[in-house]
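As a starting point, one isolated chain is supplied in structure tokens, in the form predicted alone.
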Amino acid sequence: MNKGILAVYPGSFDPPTNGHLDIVFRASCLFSKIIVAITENASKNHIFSLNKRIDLFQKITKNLKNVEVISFSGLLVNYLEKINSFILIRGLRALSDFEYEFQMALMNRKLNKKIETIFLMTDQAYTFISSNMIKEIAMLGGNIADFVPDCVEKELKKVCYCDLSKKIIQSSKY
């Protein structure tokens, strides 16, 4: 473990998945402190509020003593400067992730030369998991137990069951 190095794992985490947990667990073994920085992403259709995502991530990382879960808004590079951290953790599942993440890493570095991005490959068991797929499976009543922690599964079932019930009621009106 690198003593005294603070790293940030940013994302929208809607919902947090076992893949996200795998990355934060492994990063917590490499750095003395990890901040999971959760943000709103205007280009995404969130199923959970920002506060609910923070709450869920806090629950799934409660046993990781060097992990803190917070929210931030605005440019990530400005947030990093504010907390005096210049290490970003990003998870990679496939080559398609790498293209996007590589572009983001270069842009962050252009905005602030001090920023370094560390890429961690997710465990192969999670390479096909994405938050969007999890949401879709949950909305259609599928089994998501292998893809998300228990507390996330319970919350998704609550939200998706209500949403699915509304859709069924609306469609039966015609």
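Keep in mind that this is a model prediction, so the values were computed, not measured. Heads up: residue numbers just count along the shown sequence, starting at 1.
The same protein has a further form, the form predicted in complex with a small molecule, not shown here; the description that follows concerns it.
**Student:** State the residue from Ala125, Met107, Ile70, Ile118 whose non-hydrogen atoms include one within 4.5 Å of the small molecule in the model of the complex.
**Tutor:** For this set of options, the contacting one is Met107.
**Student:** Taking the small molecule as it sits in the model of the complex, is Lys33 near enough to touch it, meaning that at least one heavy atom pair lies within 4.5 angstroms?
**Tutor:** It does not: once the small molecule is placed as it appears in the model of the complex, Lys33 has no heavy atom within 4.5 Å of it.
**Student:** Is there a heavy atom of Lys62 no more than 4.5 Å from a heavy atom of the small molecule in the model of the complex?
**Tutor:** Lys62: no, not in contact with the small molecule in the model of the complex.
**Student:** Although the small molecule is absent from this view, report whether Leu75 comes within 4.5 Å of it in the model of the complex, heavy atoms only.
**Tutor:** Leu75: contacts the small molecule in the model of the complex.
**Student:** Within 4.5 Å, heavy atoms only: does Lys114 come near the small molecule in the model of the complex?
**Tutor:** Heavy-atom contact with the small molecule at 4.5 Å: absent for Lys114.
**Student:** Looking at heavy atoms inside 4.5 Å, which stretch does the small molecule contact in the model of the complex, given the options 39-47, 54-62, 25-33, 135-143?
**Tutor:** Among the listed stretches, the partner-contacting one is 39-47.
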